[in-house]
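Here we start with a single chain on its own, the form predicted alone, put down as structure tokens.
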């Protein structure tokens, strides 16, 4: 008798659960079993996580949120004057034609050919050393290699697969003669079919990439570049 009663109770409980998961609304998903396992919780992009429900988290108070900073504002990068100077807003502007080609709407644009003007920018502000080239290699592998190729010859997987074309070979003339500033400008704002990377990489990372590309172009770049930096510091 007890066994039969337990069976009936189990059956009724199962039926109740099944019935409660149904709804008259055909668009209702019903009850979800452990939704966090397959439904990612939404991130509140515009919340200051340094202060949530009157609780202060000092480690998050200086973190950037998804909000776009006001134009001309300068982000805080500590007290290292060289780093702060490097991270200041880029003094060169996108050309006005890039409004239609690269989507620069609502920004200050220049009527001048800023890319050509950048040929005068030859000094890379990032001090060259082996660690910089190691960091540059990682950035290149994640941001550039799929198009420009492992050797910078323009034969990345996107090109060899036939999905993309027109990627230049930066290991040949005359592109080896591009100034550091022109290379930075191209990565920062984009050039030709390449889009802007300024939202993906900060200025220090872009200058680090420039160093790495130079090291692919010139085999003695590390040694010669370090000597050059030392000379300039004196």
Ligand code: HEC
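Please read these numbers as outputs of a predicted model, since none were measured by experiment. Residue numbers count along the first chain shown, from 1.
One more form of this protein, predicted together with the named molecule, exists but is not displayed; see below.
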### Task
Name the residue from 86, 112, 97, 143 that puts a heavy atom within 4.5 Å of the named molecule in the predicted bound form.
143
### Message
Please tell me whether any heavy atom belonging to residue 147 falls inside 4.5 Å of a heavy atom of the named molecule, as the geometry stands in the predicted bound form.
### Response
yes
### Query
According to a 4.5 angstroms non-hydrogen atom cut-off, is residue 164 in contact with the named molecule in the predicted bound form?
yes
### Task
Mark residue 193 yes when one of its heavy atoms lies within 4.5 Å of a heavy atom of the named molecule in the predicted bound form, and no otherwise.
yes
### Message
Under a 4.5 Å heavy atom criterion, is residue 175 part of the interface with the named molecule in the predicted bound form?
### Response
yes
### Residues within 4.5 Å of the named molecule in the predicted bound form, restricted to 170 to 184 and counted by heavy atom
170, 175, 178, 182, 183
